[in-house]
Ligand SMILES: Cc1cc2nc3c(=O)[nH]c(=O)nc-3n(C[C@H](O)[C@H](O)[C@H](O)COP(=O)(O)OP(=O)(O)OC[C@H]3O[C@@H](n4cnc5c(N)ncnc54)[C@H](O)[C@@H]3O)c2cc1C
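To begin, one chain is listed below as structure tokens, in the form predicted on its own.
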Amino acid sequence: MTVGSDHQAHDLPVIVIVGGGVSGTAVAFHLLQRRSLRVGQLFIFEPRERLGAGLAYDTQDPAHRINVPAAKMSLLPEDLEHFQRWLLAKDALADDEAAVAANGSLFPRRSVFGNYINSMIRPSIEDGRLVHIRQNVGRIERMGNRWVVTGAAGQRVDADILVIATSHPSPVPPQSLQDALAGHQRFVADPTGPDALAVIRAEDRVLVVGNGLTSADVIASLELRGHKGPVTAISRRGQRSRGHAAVKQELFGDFASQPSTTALGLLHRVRAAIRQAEGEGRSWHAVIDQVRAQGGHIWRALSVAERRRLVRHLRPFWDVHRFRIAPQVEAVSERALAAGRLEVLAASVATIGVADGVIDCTLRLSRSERSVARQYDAVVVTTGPGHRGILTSQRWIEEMSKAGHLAMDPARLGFFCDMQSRALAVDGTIVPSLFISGPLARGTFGELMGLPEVIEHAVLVADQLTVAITDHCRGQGKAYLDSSAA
């Protein structure tokens, strides 16, 4: 079945968005807010039943909570408390007293935020302005001036403009773990899947490889499932994601007026600002939040070589301070540490093997020549998305890469694009009518992982789509504004 091929009758552009998580849904939402703009047809390919949830907010695990206070999460950048007001208006926390943190901030379950985004886009589906195609993408080809997008179940859309807003690629476990544990029933290579932790028994000894937000979620989920066995969480530096400040912090420092041009220079400035902030009775949170707010200016001032140096050496420290744990999730880890059930090590896996279902493991301790031998019943990988393998993560992406339409950005964080979020080929030339939305554009834009930045970027992409629609219609000699609109 082919749709979108009758556009010649009205010469208005057909737009396809691949990915209906927060990034793709936010682009559609903000594009459709421009009611005076005439769009031929707008489609989103998303296999999930509801738009707006995506990988992050589709989870039904009650232990998974947003890790930013609700008052700072919104689909409307100009109205940051919109989600919090929606929560109260819908009485969405009636069965979740634990959502209220000690300082009064709200940290609802992540699925609730997915419900919120879906409620905002649903009217556009119901009135037909947005078509949700519940399929994964199987293939995307360039034919003439159009993109032919074919779903896994065969539905085809011929598009004038294409937006790639796909989810993070799945985690890629270390090769040694894949080789040794591929057939083990309690090897959880991707804990983000539904009931991925159901294979772990209450008394199992568990090794968690990774110490970030996903690791904290896994530990909280295991406790909720009644797990009582010992847990070892490892990472090369032994750094755990930090918690939120006890009291609200105003932004502190200035890293944008004269931005650092080297990763080392930036590190020195951040450390100096933290010392100054602490001397004035503030916490490091105020400085890190300012770095985040000015992230675009900071990133643009760095050369490609310095961006790579920052990613290689400083990103692990940035991640544990930038991506903070919800207080409720943090409390679970703190209880487990206090009880001796959780051990956090700066270590890596040196050797691993299986004998009679038991996982024999040697952990090499970082910054030391020592190793420790341990036995586990289960291993969970929480090393995060495999962004470096994005070009081979899905067949259609690999095919577009081979055709020259998609390339890895120089910092190797995602897709190559310009400051208008237009996709770039390997040689830096613009790929016509192809846009990148969401975290996979962060190699160009820098800080683009948190919800506020993702929404702001979606607005930018919607702005650029407006320009592209205008150019398309002018090229057709047609009006691109609806004269009946206010």
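All residue numbers refer to positions in the sequence shown, first residue = 1. The structure presented is a predicted model; accordingly, all values stated were derived computationally and were not measured.
Keep in mind that the form predicted in complex with the named molecule is missing from the display, and what follows is about it.
Note on the interface: of 426-434, 40-48, 413-421, 27-35, the segment with non-hydrogen atoms within 4.5 angstroms of the named molecule in the predicted bound form is 40-48.
The listed set 73, 188, 222, 406 contains one residue whose heavy atoms approach the named molecule in the predicted bound form to within 4.5 Å, identified as 73. Of the listed positions (290, 111, 167, 383), a single one reaches within 4.5 angstroms of the named molecule by any non-hydrogen atom in the predicted bound form, namely 167.
Contact here is defined as any heavy atom lying within 4.5 Å of the named molecule in the predicted bound form, and by that definition not a single one of 241, 314 and 443 is a contact residue. At the 4.5 Å threshold, heavy atoms of residue 62 stay clear of the named molecule in the predicted bound form, well away from it. The closest heavy atom approach of residue 21 to the named molecule in the predicted bound form falls within 4.5 Å. For residue 137, a non-hydrogen atom is located within 4.5 Å of the named molecule in the predicted bound form, even though that partner is not displayed.
Remark: residue 459 does not count among the residues lining the named molecule in the predicted bound form, judged by a heavy atom distance of 4.5 Å or less. Residues from 450-465 that approach the named molecule in the predicted bound form with a non-hydrogen atom closer than or equal to 4.5 Å are 450, 451, 452, 454, in the order they occur in the chain.
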